[in-house]
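Only one chain is shown below, in structure tokens, and it's the form predicted alone.
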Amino acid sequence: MMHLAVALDGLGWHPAAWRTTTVRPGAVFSAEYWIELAAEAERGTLDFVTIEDALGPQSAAFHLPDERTDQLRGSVDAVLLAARIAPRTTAVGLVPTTDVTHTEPFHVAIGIATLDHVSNGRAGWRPRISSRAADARHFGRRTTPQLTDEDVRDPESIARRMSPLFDEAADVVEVARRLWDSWEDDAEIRDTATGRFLDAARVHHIDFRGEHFAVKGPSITPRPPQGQPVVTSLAHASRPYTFAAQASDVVFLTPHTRDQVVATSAQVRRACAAQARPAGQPLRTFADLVVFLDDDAGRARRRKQRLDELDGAPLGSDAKIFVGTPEELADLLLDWHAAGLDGFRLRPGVLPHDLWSITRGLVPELRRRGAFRTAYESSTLRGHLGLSRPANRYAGSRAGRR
């Protein structure tokens, strides 16, 4: 069975999506809008939804802010939004994006741990470096490299310029994982008769010291229900592949052809081998695709063409852009799945239209072909992905806080 997720971003991944008649631009900052999208993904028994986030307003350029006023600008905090969605859903995984260049690892770790508690074990996390130098000015604590127009044409060039930030991000994830383990599962006694709420010997300092920061711990939040919430990352080049091998449970890749699926998957495997990733810690590989889906392929093409005209240019994307029918997309996904991918993260071009086409068109077609679940078989995100609950690294040690 393949895994299937959707990436939620504003009103859709096409910058002119907000101008479509089926879209509600006035609702994009409301909780109900996002709850409805997540609930639709859950009706389709998707593994999870990801929620985009950034430190600055959206821009037509990858590396610079712009002055355009004809595209959606503005967003809400992804972790807080996921926590709002959690009580209104019961099964779908919730994976917010957070910046890890300008935010404190301790705060991020307890935010994701809290999300795992309020969702009963459905939290994931996508740590993201801040690749825009302009973002640093929001904080005034540091500067980061300014990418050039030449850099952004080459993923490897971006990765080289941003390599120190990936090193720092790996430390952030390591700190978060240690903090999630800093409370053992049975640290809370809650014995009213004896007046003991906590066994202090089962709460541990993590004493992390790295090149970028030091964190003593422990967390203020008890161990998450999953033990370790699912960590995801997006990777286009060699350094991000290494980061995924070091820090992630799921990596989102961006091949455009079947041959690229094979080649990119091999690069990821080599990165895992170079990092001596344990065999018992599989790294799930997903391919990202931007999708425009209709029952008639011509209608899907005309819809995208109209959006391109409204925006003034054809849509560009790091991921493959698929325009066609759910049946045609199912053919592609099954072919790429057979080439070695575990699953797919689909980016709907327009919300909610293309999300509905995924859940009500693509999913039934994949089920008809015996390639996708008909019901959830687990209550946690790790369970959906076939990932076991990890043992606590500090269990058995009694050198904790006293």
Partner chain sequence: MHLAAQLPGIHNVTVWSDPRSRSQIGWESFAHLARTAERGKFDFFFLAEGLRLREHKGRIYELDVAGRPESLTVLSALAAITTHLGLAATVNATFNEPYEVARRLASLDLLSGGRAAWNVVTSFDAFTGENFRRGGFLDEAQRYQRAEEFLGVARRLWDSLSLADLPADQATGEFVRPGAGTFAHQGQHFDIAGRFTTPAGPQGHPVVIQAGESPQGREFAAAQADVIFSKYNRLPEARAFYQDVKGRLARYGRGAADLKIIPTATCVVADTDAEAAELAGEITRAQVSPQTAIAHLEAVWGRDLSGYDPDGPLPQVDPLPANQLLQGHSVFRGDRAKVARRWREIAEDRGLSIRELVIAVGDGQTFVGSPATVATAMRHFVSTGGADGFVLVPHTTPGGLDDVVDRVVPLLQESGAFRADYEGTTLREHLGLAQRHTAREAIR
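Residue numbers count along the first chain shown, from 1. A quick note: this is a predicted structure, and the numbers were derived from the prediction, not measured.
One more form of this protein should be noted, the form predicted in complex with its partner chain, which is absent from this view; the next part is about it.
Whether 258, 297 and 364 all lie within 4.5 angstroms of its partner chain in the model of the complex by heavy atom: Contact check failed for every one of 258, 297 and 364.
Just to confirm the contact call: exactly one of 277-285, 107-115, 311-319, 234-242 touches its partner chain in the model of the complex at a 4.5 Å heavy atom cutoff, so which is it? Contact criterion met by 107-115 only.
If you check 83, 323, 147, 159 against its partner chain in the model of the complex, which one has a heavy atom within 4.5 Å? After the contact test, the surviving option is 83.
Here the chain is shown alone; which of 201, 332, 152, 262 has a heavy atom within 4.5 Å of its partner chain in the model of the complex? None of the other options qualify; the answer is 201.
Using a 4.5 Å heavy atom cut-off, state whether residue 39 contacts its partner chain in the model of the complex. Contact check for residue 39: no, nothing within 4.5 Å of its partner chain in the model of the complex.
Taking heavy atoms and a 4.5 Å cut-off, does residue 188 contact its partner chain in the model of the complex? Residue-level check for residue 188: yes, a contact with its partner chain.
Taking 4.5 angstroms as the cut-off for heavy atoms, does residue 26 touch its partner chain in the model of the complex? Output for residue 26 is yes: heavy atoms within 4.5 Å of its partner chain.
Heavy atoms within 4.5 Å of its partner chain in the model of the complex: does residue 246 have any? Heavy-atom contact with its partner chain at 4.5 Å: absent for residue 246.
Those residues of 208-241 which, in the model of the complex, come within 4.5 Å of its partner chain by heavy atom: The stretch touches the partner through 213, 214, 215, 216, 217, 218, 219, 220, 221, 222.
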